[in-house]
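Heads up, the chain below is alone and in the form predicted alone; it's given as structure tokens.
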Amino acid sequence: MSEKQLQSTVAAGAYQKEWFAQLRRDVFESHRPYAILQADMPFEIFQVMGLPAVSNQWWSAVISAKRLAPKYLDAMNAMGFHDGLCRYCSLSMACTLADDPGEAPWGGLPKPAMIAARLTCDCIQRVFSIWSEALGTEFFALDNPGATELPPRWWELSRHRWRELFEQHRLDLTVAQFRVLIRTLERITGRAFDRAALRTLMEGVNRQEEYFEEVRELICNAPKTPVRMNEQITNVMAAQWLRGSEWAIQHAKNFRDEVKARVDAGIAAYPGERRRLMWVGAGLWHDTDFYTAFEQKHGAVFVWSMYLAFGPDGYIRYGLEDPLEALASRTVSMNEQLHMPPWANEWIVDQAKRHRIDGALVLTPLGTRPSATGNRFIERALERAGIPVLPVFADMVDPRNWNAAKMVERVGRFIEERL
């Protein structure tokens, strides 16, 4: 997306690039340790321990946006990795195995002190084990304890009644594993874990997500959306990777203020908006221009994605007497909330109604099981709610089978024939 309508978007992109540049300087010049984490790991623990963390999925998105994914994925397949491997989780590993820092984005990832992931699907343990060997570092894994109960309308319970919602057996196991993780980080950093600092950070996360909730409500209630989905994602995710920090809280507030000013002034992201679309799934990082391709011809604007919407419902936790347990409640729940029936489809239908969505595109990335398992349920639930659905079989970081012109034509027909 060449046009950026919000100053917050420009600031978010610049901050992320400088943050990573500073990280590389700290690692190479000061020998400061850092970690690479799967996106659903408890980043807050690493922040409290003073260990900067890079998200595996964020780095995959950067590689894809820089048009380097085909090179690395082809090289990985040539090494013998199978074509069905999840690209989102393995692309960063492929970049490491290619071992070409001269071509890697921003000079590539330096060697981390550790990498860590939750074992949410079949490939994660093997991918991260191979990756840790290539990096010459240790791999820490968290289990993914299953739910035995899935109460309806989880988002109405998750803020205050999270203990009963996420079940004590899941919280106990996750907290126990957090304590092992903390001991590992104390060894790496030479610092002692500060429980009070974690509580303060979690309170900061709440404030940040409350600002995002205000933005979400502004989008829901404005006659026309004041901010494109692309810019929502940039502003939200720049803060989410550093959530609860002073910068993230202030950035969320600035974003809220700018969106509110646009609503108060009657400014729409696209004044000719006639149809409102939602994108279900991870971002299409190799072709973000796709999200603005239907405005002029069809008056169709992408209004919703999970990135802004999920923050308030999935992250806010009130009642922080035990911050580790509260953090565990957020960590164990993401897969069910975003991908698995009945939680994912029920929440997405509710979001579609609140955002006055006319039609939905649902991304099914081949090879990424947790992000695709519940999609047929999501599609059926939306259709039953009267919201037409177009399934999109593509990958969020791999453009090798993506034909932009054909997809734009296909979506255009969907808009004109079904909406």
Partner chain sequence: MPESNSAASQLAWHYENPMAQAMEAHRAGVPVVGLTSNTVPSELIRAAGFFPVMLRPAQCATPAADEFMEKNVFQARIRQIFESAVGGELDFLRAIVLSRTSEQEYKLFLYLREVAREGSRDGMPPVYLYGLLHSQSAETHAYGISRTEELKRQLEEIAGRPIAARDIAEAVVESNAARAAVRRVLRLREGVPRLSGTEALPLIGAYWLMARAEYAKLASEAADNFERGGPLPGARLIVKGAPLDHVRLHATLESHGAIVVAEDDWWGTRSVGVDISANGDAVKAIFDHYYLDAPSPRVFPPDAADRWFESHVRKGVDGVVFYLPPEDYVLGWDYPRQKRFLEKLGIPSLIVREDSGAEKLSAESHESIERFVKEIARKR
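Positions refer to the first chain, counted from 1. If you're wondering where the values come from, they're calculated on a predicted model, not measured in any experiment.
There is also a form predicted together with the partner chain; it is not shown, and the following applies to it.
Contact with the partner chain in the predicted complex, defined as any heavy atom within 4.5 Å, is confined among 193 to 201, 241 to 249, 223 to 231, 135 to 143 to 135 to 143. Among residues of the shown chain, L324 is not one whose heavy atoms approach the partner chain to within 4.5 Å in the predicted complex. Using a 4.5 angstroms limit between non-hydrogen atoms, V180 touches the partner chain in the predicted complex. Using a 4.5 angstroms limit between non-hydrogen atoms, A65 is distant from the partner chain in the predicted complex. Using a 4.5 angstroms limit between non-hydrogen atoms, P342 touches the partner chain in the predicted complex. Scanning Q47, N375, Q38, Q351 against the partner chain in the predicted complex with a 4.5 Å heavy atom cut-off leaves one residue, N375.
Proximity to the partner chain in the predicted complex, taken as a non-hydrogen atom within 4.5 angstroms, holds for one residue of L338, M278, V127, M114, which is V127. Contact with the partner chain in the predicted complex holds for none of N235, M237 and I415, as no heavy atom of theirs lies within 4.5 Å.
Residues M76, M79, G80, F81, H82, D83, G84, L85, C86 are the ones in 50 to 87 with at least one heavy atom within 4.5 Å of the partner chain in the predicted complex, listed in sequence order.
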